[in-house]
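This document starts with two versions of one protein chain, written out as structure tokens and named structure 1 and structure 2.
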Structure 1
């Protein structure tokens, strides 16, 4: 880790609340080290009520850019001068660039989802897809699916069904895609929905550390050979859902690749530099196995 800082050291960081379990400082400070840049990445715990003051303060201090996480991903938009087409359509911003006081917002989760799914583009395009969750991450997932994979149909399953319905209405209006079927957790035909979907995506925190043994359902005979199951959870790197899916012949994709790619894209926006992805991934795997 870099140990000398001075007046020209550029500060980048993260705002959110709570932010105790974030890997972003590790990832970005490793990237800074790999690229030998004069930057430092710091986490700032900013509760919802302090967002306005935090944005003003960061502008005054000349902070070059920051990631934005829960609960600010939507509320940050009112303070920005520009919002990228992706972030504007998704309806949430996870990366802000401060160009001499002019703030631009981006959603790099979209890039992370795309990098994870692109190797399976031919199989996924035009197929039925099942998404579980209707929060911020699900929004980035749905945008990416509609824009890049033209699904035949999206089953949107969420604990609070009204929230799934809101997403359906939102994306029907924004992206002219209305082939959604919304369901509450656990619809009686969950197994059929799963088995008929080429791709199943978990965009909820279910199965995340320390609740490693949790899954969204019992999942017996729910998967088929060569089906793709993508869990956005990255800790553990292979969730119980992915273990079960793999045992039943599915291709299991964890959230780590998305995490690294969304970070690399944000890093590029702030510094103009491309991160060596494989080296970053190796460092993160080592860090997680400690």
Structure 2
């Protein structure tokens, strides 16, 4: 991988906290190498209290663009000049483009979710779906489900039911979808909800490295054969949640495919270049197997 740069090298990157788990620098620097571009992608650990200063600093330094991850996807919007229609509807931004000091926000998570779930569209469309989480990632998930899969109903599950209620109110108004049911995350009471859902999506960081043993449910009865369980966590590649679900015959989808597709869309926004997805996937799988 290219490890040299000079005064004309364009800098792109990632802001979030924590970011020790991220594969984004590897993915984007491989993409840069594949496309033979004079760019470099760097991670920046930015606590919530430092977000405004970080945005101003990156703007002043002329950084071309950056991904945005937990916990900044919603709060960064206030510092942007423009937000795409999709990101505005989602209420969450995960990609920023700096065009000579003018900051534009996008949400490429939607593209990543869609590419991951599209192979199962026939099974998912019109079904009951359960979404765990109420942050920026959950917003992209809910938008994609309503826009592309027309669910019968969506259960919104969160540790704090008030945040789930806020999301219900937001999307009911924004997308005219009112088939929401909100619940507090308490697994023994949710077994029936999980079992009756064709698709369960974990849109929280629960189970993310280094807390690999954490899971939203350890109850095997929560999952059934041919159910689809999608965990947005990509490190580890197969979370404890997915392991339990798979043992019960469910289809287990990790977050790597979403990560790669949302990264490719962001890369295109920054550089105007399309990434060869298959080569990128091979490189990442090789990296993970080392």
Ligand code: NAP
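In this text, the rigid core denotes the largest set of C-alpha atoms whose superposition between the two forms falls within 1.5 Å. Residue numbers count along the first chain shown, from 1. Remember, it's a predicted structure, so these values are computed and weren't measured experimentally.
Only one of the two shown forms is the form predicted together with the named molecule, so please name it by number.
If we ask which form is the one predicted together with the named molecule, the answer is structure 1.
For residue 76, decide whether the Cα shift between the two structures is 2 Å or greater, given a superposition on the rigid core.
For residue 76, whose C-alpha is compared between the two structures after core superposition, the shift is 2 Å or more.
Look at residue 50 and decide if its Cα position differs by 2 Å or more between the two structures after superposing on the rigid core.
Shift at residue 50: 2 Å or more after core fit.
Please state how many degrees the smaller rigid part turns against the larger between the two structures.
It comes to 13 degrees of rotation for the smaller part.
State the core-superposed CA shift for residue 14 between the two structures, in Å to one decimal.
The shift comes out to 2.8 Å.
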